[in-house]
Ligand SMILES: Cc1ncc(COP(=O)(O)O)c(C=O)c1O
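Below sits a lone chain in structure tokens, taken as the form predicted alone.
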Amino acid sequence: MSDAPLYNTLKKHIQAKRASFHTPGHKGNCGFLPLDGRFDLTELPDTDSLYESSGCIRDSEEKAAAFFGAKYTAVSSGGCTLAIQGMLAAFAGAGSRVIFCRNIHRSAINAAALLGITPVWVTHRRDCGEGLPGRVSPEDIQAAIESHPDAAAVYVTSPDYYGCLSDIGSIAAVCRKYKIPLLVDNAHGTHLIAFGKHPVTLGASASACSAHKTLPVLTGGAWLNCNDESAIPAIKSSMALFGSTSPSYLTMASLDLAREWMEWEGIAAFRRLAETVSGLREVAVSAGFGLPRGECDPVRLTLLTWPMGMTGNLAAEYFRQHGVECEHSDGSAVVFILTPFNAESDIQRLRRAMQDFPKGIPLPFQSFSIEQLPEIKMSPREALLGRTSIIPTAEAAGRIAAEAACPCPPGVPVVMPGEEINEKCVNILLKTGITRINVIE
């Protein structure tokens, strides 16, 4: 036995041979990627330079842009986090005001803090079903723009973790009307290009796409797609501000190969997969699970488990015992990421586990969303970079949050950095098991 704890743990997990319904999208089936340690190179005269690309990396980016129908595409081996950071820096810039949907990823919160961005929050409409965050509406985006005409950009997350899609086409139309760029965190939706539902197809100014989540890309591979020519000159310098000077050539090469695979085989493969997932949803409904309402990712499977009398976290353990590893679980749901690289045996194992799922008395569902947002007392930058201390949540009323506190469900932060924690926030956080919180001293 090797004396390497991480390696040993990973090896043990692999030996369990569970069906993978989580990231990365290749599901461990990397045989088609002709990459090995010899390709783990660095920036050399003939291998180009990521942030000053003028050779093979630039050629790879141009092919990706043509595939997505974007005016410009930048490669990231620093994950979607780097793409989000670069997107906000290039389009909004330091000291600006940005309209954000409330289910923002922490990488965007951190980027806003580092750039000194002032957020304007737009809450979601509860239109996806109990236990799910819901969608941001074009009408609410328009109202936020009209109330804050100095906003530099609108930033939304779609699809969300559960696969629910906001109406990006209509939101993009609102943004064009007011001449404000629409930025989309499309981390979980790179593959939506196969269905005509990709944000840049629908009119977004830019999208950050975490390719490794659903495509056969090594972890950390992402693209920043841009459709606004005025922002293109700033993108690479913005990404260089945050990114490593030692990008992974293995990851970048896997992005190149995945784009090629998508052009040759992937589009058709994802469309076939959508038919499979449609069948799985029928099985789920027959078994008694709930499903998200409204338009969703055609290949994301989210099961609401509270109608079956079980929390999502307990359901995830049930599936694990049946050889199925999900992507996410919380108090009300389990989320499965399917890709064309799931074997038919994986699909059959998941189908059987759903059919055999024990049905109990539906759990009483309690909403943990907050109707009126907490009062902003300082900027996210001041809160995240200030002197802080961790205290019991029960004692936090009146204090200023130094972190985003996010209960599951619904996966939307109750309080953001710089907001005052009120009694309602305290009650919700305690009910969802968040007993300690980081606050400003």
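For clarity, every value in this text was computed on a predicted model and none was experimentally measured. Just count from 1 along the sequence shown to find any residue number.
Not pictured, yet referred to below: the form predicted in complex with the ligand.
Engineer: Is it the case that residue 157, even though its partner is missing from this view, gets within 4.5 Å of the ligand in the predicted bound form, heavy atoms only?
Structural biologist: So residue 157 counts as contacting the ligand.
Engineer: Verify the contact flag for residue 303: yes if a non-hydrogen atom of it lies within 4.5 Å of a non-hydrogen atom of the ligand in the predicted bound form, no if not.
Structural biologist: Looking in the predicted bound form, residue contacts with the ligand do not include residue 303, since no heavy atom lies within 4.5 Å.
Engineer: With a cut-off of 4.5 Å between heavy atoms, is residue 79 one of the residues that contacts the ligand in the predicted bound form?
Structural biologist: Heavy-atom contact with the ligand at 4.5 Å: present for residue 79.
Engineer: Do residue 161 and the ligand share at least one heavy atom pair within 4.5 Å in the predicted bound form?
Structural biologist: Within the cut-off, so yes.
Engineer: Name the residue from 259, 102, 212, 198 that puts a heavy atom within 4.5 Å of the ligand in the predicted bound form.
Structural biologist: For this set of options, the contacting one is 212.
Engineer: Of 248, 276, 137, 107, which residue is found within 4.5 angstroms of the ligand in the predicted bound form when only non-hydrogen atoms are counted?
Structural biologist: Comparing distances to the ligand in the predicted bound form, the residue within 4.5 Å is 107.
Engineer: Since the chain is shown here on its own, which stretch among 318 to 326, 204 to 212, 290 to 298, 166 to 174 would lie within 4.5 Å of the ligand in the predicted bound form, judged by heavy atoms?
Structural biologist: Selected stretch: 204 to 212.
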